[in-house]
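Only one chain comes next, encoded as structure tokens, the form predicted alone.
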Amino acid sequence: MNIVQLKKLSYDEVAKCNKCGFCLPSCPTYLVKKAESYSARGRNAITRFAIENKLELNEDTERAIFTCLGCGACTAVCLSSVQTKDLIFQNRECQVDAGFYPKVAKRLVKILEESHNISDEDQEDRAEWQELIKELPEDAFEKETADVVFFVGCVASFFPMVQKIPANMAKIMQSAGVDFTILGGEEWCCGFPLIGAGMPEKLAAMKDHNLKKVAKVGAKTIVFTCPSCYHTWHHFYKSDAKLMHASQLILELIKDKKIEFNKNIKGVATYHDPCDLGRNTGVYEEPREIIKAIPGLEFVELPMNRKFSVCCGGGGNVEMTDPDLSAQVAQTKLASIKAVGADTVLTACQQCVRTMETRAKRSKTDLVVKDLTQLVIEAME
């Protein structure tokens, strides 16, 4: 996408920004950097000036545009409802067209084209998380046909810290008698990182492959523990299958009494709304209903919750392009969690778990980070 194309798509939208500054207190990167170019208002200005030929794209605009977390918090508080995240991601396409983009993104594209996952690992290792399940028959979750496809995603497949998430979800579905399968090595990256890299046109091959594999299984439902995969399928794929986040399916199983909780969980917990699950796709209440169904657990809300939730720092490819900024945002998030007196933060996203747990360990913050699936398994057992 070049500036002419950006103008056709975006000028009316970016012109809605009245420069009021309401977005500033809600922008995590601005709160860390205290610089206008790291705010939604500043990034909107960069986009508008570029469209009006008053600003050339360069290394400075690259840094500003590619450090947006894509969390969408700015739009949630914007009086004019400016879709800043969409504008920024379109601007990233222009940056790529002009050659001003993080070169790590170029390597990412090559890896995805050749390995079909973000980790550049052997695709046959996608299902190695099954080894965490005791006494599991080989290929137990890899059936030719099933009612449900469990789309695991790259992060939970290849990062040891969060491989327990698909293992837990599989155990939950197995216990409830859900007829499901995984695609294993036939699952490709959903393509979400390419959208953040400003190269959404390269999504087509991955999308077509995944749609064909799901169709071959004959599944009527696809379930995701990864909000970004769920978001990508929801907004960029066209599938006749029903798309569900894991929290939606788990709550359904609880209501149908297909899973029961046998153990009291002591402690004070809060819930962090993942950006791609909550604000960007609209799933807020199901995770909270699950938490409130857990015996013994005391639940407290964060002051900034639901559509006003503060990003954990793991979005928008920023962990890849500016890891220090990502860590600083995560530290801010941990401070807000400790401030409400919680000893555990629950979330429903493997990337949020990775970002917050890594930061908690490195900063020696006394905080337990759990995915909802882990909480459910603990209460079941």
Partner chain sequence: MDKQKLIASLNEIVGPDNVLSSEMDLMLYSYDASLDKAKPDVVVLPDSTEEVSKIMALAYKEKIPILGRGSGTNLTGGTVPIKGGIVVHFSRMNRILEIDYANRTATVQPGVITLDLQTEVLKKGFVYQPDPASQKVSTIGGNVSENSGGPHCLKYGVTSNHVQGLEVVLNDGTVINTGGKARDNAGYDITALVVGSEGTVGLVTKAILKLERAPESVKTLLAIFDAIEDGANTVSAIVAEGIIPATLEMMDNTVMRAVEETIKVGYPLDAACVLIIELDGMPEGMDDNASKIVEICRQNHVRDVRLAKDEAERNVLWAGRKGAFGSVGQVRPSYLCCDGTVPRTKLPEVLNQVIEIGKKYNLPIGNVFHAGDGNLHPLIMFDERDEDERSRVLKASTEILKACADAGGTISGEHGVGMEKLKETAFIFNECDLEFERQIKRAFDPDDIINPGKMIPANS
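Numbering follows the first chain given and starts at 1. Predicted model, so just to flag it, every value in this text is computed and none were measured.
Although it is not shown, the form predicted together with the partner chain is what the next lines describe.
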{"item": "The partner chain: the contacting residue among A342, M356, A64, V318 in the predicted complex [heavy atom, 4.5 Å]", "value": "A64"}
{"item": "Candidate site L243, K258 and Y284: all three near the partner chain in the predicted complex by heavy atom within 4.5 Å", "value": "no"}
{"item": "In the predicted complex, V77 touching the partner chain (heavy atom, 4.5 Å)", "value": "yes"}
{"item": "4.5 Å heavy atom contact, R41 to the partner chain in the predicted complex", "value": "yes"}
{"item": "Any non-hydrogen atom of K16 within 4.5 angstroms of the partner chain in the predicted complex", "value": "yes"}
{"item": "Distance check, D322 to the partner chain in the predicted complex, heavy atom within 4.5 Å", "value": "no"}
{"item": "Option from 330 to 338, 309 to 317, 26 to 34, 343 to 351 whose residues, in the predicted complex, bring a heavy atom within 4.5 Å of the partner chain", "value": "26 to 34"}
